[in-house]
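Shown below, as structure tokens, is a lone chain in the form predicted on its own; questions about how it binds or moves come after it.
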């Protein structure tokens, strides 16, 4: 697939057919995705491919708990877990204990164990140059050494005729997931990548125009146009 076509037609796909994803295809995708740019070429990612049915079932249960917390924010009109105080995290915006006990049905999450391919993306934190640590705001820069690899996988999936989505909800249960999968100290969950043959191929995506998010010289400068 031509690169620009892939970039414009790669949605977050959460509904898949029952057709399995061949291991050879998955290996080929990983083989190409590994060339993603990353800080210092330290390649701080580790991929756990989840196949065991019992592990998948437990991951689904943990995902559902995180999803309950997520949707509790949405019900209040909030961006889940966003740093609301001018980019600073000041604590939960909702009652998390109540949220965890409030059912939140979700077709994708409730059937997560049946997704054709599940890849847990783990980051070795000591390999990430988080140069915004210590600033008076939420740290974000470390992800720049992990998420290009994740997006390469999504582009590779599109090229292979597959669909996928990178979800971060499982991070809410990171401690339990680390115990379940023997993930050592010093590592964190970057995301869970679900892949499969899409039930519906979506190729028309809605995004803001360049002039809506790009300015010249200053944040409040004139919109950038050619």
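Note that the coordinates shown come from a computational prediction; the quantities given were computed from them, not determined experimentally. Positions refer to the first chain, counted from 1.
The following text describes the form predicted in complex with a small molecule, which does not appear among the structures shown.
Contact annotation for the candidate site: 81, 139 and 172 all lie away from the small molecule in the model of the complex (no heavy atom within 4.5 Å). The chain is drawn here without the small molecule; in the model of the complex, the stretch among 40 to 48, 59 to 67, 23 to 31, 174 to 182 whose residues come within 4.5 Å of it by any heavy atom is 59 to 67. At the 4.5 Å threshold, heavy atoms of residue 218 stay clear of the small molecule in the model of the complex, well away from it.
Contact annotation: residue 166 falls within 4.5 Å of the small molecule in the model of the complex, judged by heavy atom distances. Interface residue remark: residue 12 is counted as part of the site for the small molecule in the model of the complex, having a heavy atom within 4.5 Å. Residue contact with the small molecule in the model of the complex: residue 210 places no heavy atom within 4.5 Å of it.
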